[in-house]
Ligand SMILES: Nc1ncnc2c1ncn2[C@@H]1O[C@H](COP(=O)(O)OP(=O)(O)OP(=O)(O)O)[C@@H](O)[C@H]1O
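Consider the single chain below, provided in C-alpha cells and representing the form predicted alone.
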Amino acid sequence: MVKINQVTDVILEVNKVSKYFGSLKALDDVTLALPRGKITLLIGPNGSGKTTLINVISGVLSIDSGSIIFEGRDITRLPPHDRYKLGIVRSYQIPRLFQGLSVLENTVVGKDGNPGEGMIYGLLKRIWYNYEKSSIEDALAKLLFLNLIHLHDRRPGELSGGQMKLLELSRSIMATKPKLILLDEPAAGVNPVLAKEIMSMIRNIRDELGITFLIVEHRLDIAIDYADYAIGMHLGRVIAQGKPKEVVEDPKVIESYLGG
C-alpha cells in the first residue's frame, strides 16, 4: 500500500480536518495528500463523507478544525470564489447548467475575469471585445476536444445525461488557470459506453493540460481503469489510500461496503 508520505509531488493537503452537522461528525480528523497531475478516486459507501470532503475543499462548507493547504498556501478560510481564482474548480452530481443558454454559452461563462462585466469597462467595447472573441474561440476548442462541437447551439434540455456531464466538464476547463478539478460522480446515470468516454476525456485532459482530478465515483468497475491513485473513506475517516486496485481490495474497504 502506498502511504501518504510517499506522495512526493503534492498539490493539496488536508490536515486533520473535522466537520460536524449538529452532533454528527461527517469528517473525522481526515488527513490526505493529492498527487499533482494525477486522477485520484475518492471511494466509499454512502454516508462515508466523500461529498462533504469535496465541499470543504471547494469552500462550499467551512470546517470545524484542521487545515487545507493548496500548493503550499493555507486556504482554510478562503471563500469559494477565491479558491476558484487559485485554480480549484468543481462539478456536481446533478449538472448545474444555465438552461436558457446554449452549449457554447454555458462553456464561455466558465471563464472568469471578463473586463466587460465591470460597470465602467462594460461601456468601452474596445476593452472587452477581444477578450470575448478569444473566449468564444477557446470555448469552441474545448467543445471540439470533448466531442460536443456539433451541439454548440443546443440548450442543455436537448442533451443526454452524459452530454450534460461533458458540458459541465467543458465549463470546468474553461477557467483561467484550472489546476485541480473536483468531480462528484461524473459517470452517475450514464450508460456504460458514454461513462467510459467521460473517463477517457478526463484522462486526456490530465495528459494534455496537466490538471489534477479528485473524483467521487461509485462505478468502480469503470473508473478504476482510469485512476492513478485512490482514497477509501468510511464513517468520515480515511481508511485506505494508494494504488487503486490495492485500495479496492483492501479488507477494510470491502468491509465498509458490506456494512461493517
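These figures come from a predicted structure and were not determined experimentally. Each residue number is its position in the shown sequence, starting from 1.
Here the subject shifts to the form predicted together with this ligand, a form of this protein not shown in this document.
Participant: Which among 65 to 73, 193 to 201, 39 to 47, 219 to 227 is in contact with this ligand in the predicted bound form, heavy atoms within 4.5 angstroms?
Facilitator: Partner-contacting stretch among the options: 39 to 47.
Participant: Is A26 close enough to this ligand in the predicted bound form to count, meaning some heavy atom within 4.5 Å?
Facilitator: Flag for A26 set to yes.
Participant: I'd like to check something about Q93: if you look in the predicted bound form, is any of its heavy atoms closer than or equal to 4.5 Å to a heavy atom of this ligand?
Facilitator: Judged by the heavy-atom cut-off of 4.5 Å, Q93 is in contact with this ligand in the predicted bound form.
Participant: Give a yes/no on whether T52 approaches this ligand to within 4.5 Å in the predicted bound form, heavy atoms considered.
Facilitator: Judged by the heavy-atom cut-off of 4.5 Å, T52 is in contact with this ligand in the predicted bound form.
Participant: Check whether E185 has any heavy atom within 4.5 Å of a heavy atom of this ligand in the predicted bound form, and answer yes or no.
Facilitator: Because a heavy atom of E185 falls inside 4.5 Å of this ligand in the predicted bound form, the answer is yes.
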